[in-house]
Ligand code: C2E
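Only one chain comes next, encoded as structure tokens, the form predicted on its own.
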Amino acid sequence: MLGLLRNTQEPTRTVDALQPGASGDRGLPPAGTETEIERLRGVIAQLMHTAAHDPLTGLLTRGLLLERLQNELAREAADDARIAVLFVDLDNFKLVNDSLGHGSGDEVLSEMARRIVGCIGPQDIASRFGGDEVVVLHPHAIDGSGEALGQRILAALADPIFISGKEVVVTASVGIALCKPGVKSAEQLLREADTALYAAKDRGRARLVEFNDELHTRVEKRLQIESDLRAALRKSQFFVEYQPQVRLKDGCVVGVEALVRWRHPVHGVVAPGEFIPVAEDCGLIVPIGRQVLLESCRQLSEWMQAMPGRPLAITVNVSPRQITEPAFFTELRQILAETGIDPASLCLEITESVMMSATEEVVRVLNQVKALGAYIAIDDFGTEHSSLSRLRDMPAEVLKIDRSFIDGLSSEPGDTAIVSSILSLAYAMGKHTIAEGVETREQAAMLLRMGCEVAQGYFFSRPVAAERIGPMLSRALWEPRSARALHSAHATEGLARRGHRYFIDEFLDHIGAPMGTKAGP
């Protein structure tokens, strides 16, 4: 334990209350020797200290900070001082545990606590709220002293930490909320500081953000969305649209992506970007995702019954919170059994960021899904810092090229290089690719020439209701003008290999030495 806390308040039941002669000692047995009494006092004091402090960091427990905060908020406002609460959270602390081990992570947390204690004043207290999150109570904030304290904490935590001879740099984010006594409850003030903390992380981390009216409006909106989401689940306001996935060489639909929509009774159809993050935060993404998965598989079963022998696949986005639910795999098997679809017709999408930071539990479940016969796709591929070794070890068989790279295919040489590199990587690793966000014929033609097999986007079709997919299954959604010539030129050469060669040709052409031309001396 640190033993360095300033002005640490112990619980109200003190050791003195148990001394002989105190009002509470009537039922105590006669004391033994004076030495025995002193020993008992020491044991009781140690037990009380242990109960009041976090065993790893020595910081106060959550309960004691809440008690102190409630007392401060209940005092009379005798001056202009305000009560400040600071939420401090390490940035990317999970990477420390994953790369150096939990033992090293504990050392980082202990050092974090020591440095925070070194920043606070004699009237301040610090408490470990859980994980790598520390709350500091600054009960007399005057003339910006709360913000100044937050900046001192940021500076102190930014210095390198030496763990087992290695230098580790771990930054922190701080959210701060202030109020005068008697204005807000402890829960409200803590919630506002927590909101400010998440705003700090959203704005780039390693910074301090103070709760304000703008954040207050955002919180109110979020709470309203959460309330409306709960009602939407009860009233079946969610529905699914489907976007065709097209085989580029002939324009045939080979799959669809299921996309959830929310028909709000007041605001109409709400975009997923407005409610999915809230659903993730509050856990409602689990029942929503379950509904989408079941509805999508039922719909695929209907299409396949209407067109027997017509191959068709469906991709469904799943949240990491869904995957870590104990019942997820069991429910997936039940859905496949109920709908009767072949597991090989189902592809579950997870984002690249989730895949790269997947826990052992997530990887275990994904391997179960793969063993069942279903596919795993990495969505938004290329937008995060992927590790090739991590990608190699993941059970993902499909890479979905992010639309941000497709946008620049006809205008940004860098995007062309990235797309071609992803196609080459997928070819080398034996993975499938799907290009997202195709909006022009030129983009589709370039992807075809580069070796991409399947694409989706507004050029082919927007996401549509299920009944509009049926007619699309019997016709081509585009006719590549030179597809026949492109695909007969090298019949035995893989599409992705030709895409890789195309990229090299383009690059060497820029430096004056296209492939097949021997450079001079």
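Nothing here was measured: the structure is a model prediction, and the numbers come from that model. In this text, residue numbers run from 1 along the sequence as written.
Note that the form predicted together with the named molecule isn't included here; everything after this is about it.
Engineer: Can we say Glu257, Pro272 and Gln322 each have a non-hydrogen atom within 4.5 Å of the named molecule in the model of the complex?
Structural biologist: Every residue of the candidate spot has a heavy atom within 4.5 Å of the named molecule in the model of the complex.
Engineer: Specify the contacting stretch among 414 to 422, 303 to 311, 162 to 170, 435 to 443, defined as having any heavy atom within 4.5 Å of the named molecule in the model of the complex.
Structural biologist: Stretch with heavy atoms near the partner: 435 to 443.
Engineer: So, Arg263 and the named molecule: in the model of the complex, are they within 4.5 Å at any heavy atom pair?
Structural biologist: Close contact is absent here: in the model of the complex, Arg263 is far from the named molecule, nothing within 4.5 Å, heavy atoms only.
Engineer: Indicate whether Glu192 is a 4.5 Å heavy atom neighbour of the named molecule in the model of the complex.
Structural biologist: Output for Glu192 is no: heavy atoms all beyond 4.5 Å of the named molecule.
Engineer: Looking at the partner-bound form in the model of the complex, is Gln243 within 4.5 Å of the named molecule by any heavy atom?
Structural biologist: The answer is yes: Gln243 has a heavy atom within 4.5 Å of the named molecule.
Engineer: Just to confirm, Ser110 within 4.5 Å of the named molecule in the model of the complex by heavy atoms?
Structural biologist: No - in the model of the complex, heavy atoms of Ser110 and the named molecule never come within 4.5 Å of each other.
Engineer: Identify which of Ala374, Val362, Ile276, Leu294 has a heavy atom within 4.5 Å of the named molecule in the model of the complex; exactly one of them does.
Structural biologist: Exactly one listed residue reaches within 4.5 Å, namely Ile276.
Engineer: So which of Leu137, Leu399, Ile285, Ile153 gets a non-hydrogen atom within 4.5 Å of the named molecule in the model of the complex?
Structural biologist: Residue within 4.5 Å of the partner: Ile285.
Engineer: At 4.5 Å, heavy atom to heavy atom, what parts of 339 to 357 sit next to the named molecule in the model of the complex? List them in sequence order, or say none.
Structural biologist: Residue within 4.5 Å: Glu349, and no other.
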